[in-house]
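Quick setup: one chain, the form predicted on its own, written in structure tokens, and binding and motion questions come after.
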Amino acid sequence: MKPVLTFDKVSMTYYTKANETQALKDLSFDLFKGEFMSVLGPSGCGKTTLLSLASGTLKPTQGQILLDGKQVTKTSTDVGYMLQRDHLFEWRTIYKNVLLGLEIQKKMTDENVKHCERLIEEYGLKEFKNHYPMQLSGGMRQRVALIRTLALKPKVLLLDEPFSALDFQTRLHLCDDVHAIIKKEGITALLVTHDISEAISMSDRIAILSPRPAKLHRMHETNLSHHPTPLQRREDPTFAPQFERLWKEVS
């Protein structure tokens, strides 16, 4: 199977007048179509740098990143990016927030608008489409942010700790919601998180990074895809042993 996203011996060094800091070194891995992969590693090892490189907002010092076999040299709508904060515009309705990307990219075609309207209806936002963000809960706002990102039909979705600002109960429910949407839409996803339980429950594979400069320590297979939801995966008897092993590796 041909990968959708490839990191090929990628290194990234930040330079200042006083010194240099190497964040990534010879990092290589493949992400395949429809796969949900998480990235775990010690604090400060370069996980967010990895997402910035994948999105094209940073260029690697060495190596290359490929999207569908073509080198990533700049940002594009082929890569969606979901952040820790929803960044919804408070003065726009939910419907107008979802359409924002299409407006900016000048892609307000009938087909694309209908695609947005289908997402809004199918994923429980229809009755809120004329509401404003301040009228929604934190979990619902993040769902809107996800639908807004998917409106542009990205080939790869990058998630930078999108649940970290939410309380534990809301996080559990939203993990189920987001995972269901991503899988149903056939989206290829790459999640950066500090939460080991979150990574195990949502992912097909987990890339475990070494301390900075980050290399791929190993790739972990969760083998939990027979469970339909992250919450059910947390109840699997292999969940606790996986958590214990991963905790030792990233601590």
Partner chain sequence: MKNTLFSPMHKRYVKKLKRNKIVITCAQIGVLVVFLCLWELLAQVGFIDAFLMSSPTRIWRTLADLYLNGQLFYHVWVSLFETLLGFLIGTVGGTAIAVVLWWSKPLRDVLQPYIVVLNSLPKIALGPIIIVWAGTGQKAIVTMAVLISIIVTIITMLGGFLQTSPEKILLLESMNANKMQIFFKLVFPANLSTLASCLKINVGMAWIGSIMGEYPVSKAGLGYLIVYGGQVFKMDLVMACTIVLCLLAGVMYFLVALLEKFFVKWKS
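Positions refer to the first chain, counted from 1. All of these numbers come straight from a predicted model, not from anything done at the bench.
The discussion below concerns the form predicted together with the partner chain, not included here.
- Taking the partner from elsewhere, V113 is found to have every heavy atom lying beyond 4.5 Å of the partner chain in the predicted bound form.
- Proximity of Q62 to the partner chain in the predicted bound form falls outside the 4.5 Å heavy atom cutoff.
- The partner chain in the predicted bound form comes within 4.5 Å of no heavy atom belonging to D167.
- In the predicted bound form, at least one heavy atom of R92 sits within 4.5 Å of a heavy atom of the partner chain.
- The contact with the partner chain in the predicted bound form, taken as any heavy atom within 4.5 Å, belongs to L88 out of I120, L157, L88, L174.
- Taking N130, S137, T75, Q71 one by one, only a single residue has any non-hydrogen atom within 4.5 Å of the partner chain in the predicted bound form, and it is T75.
- Site residues I182, E185 and L224 are none of them in contact with the partner chain in the predicted bound form, judged by any heavy atom within 4.5 Å.
- Annotation for 91 to 123: interface residues with the partner chain in the predicted bound form are W91, R92, L100, G101, E103, I104, Q105, K106 [heavy atom within 4.5 Å].
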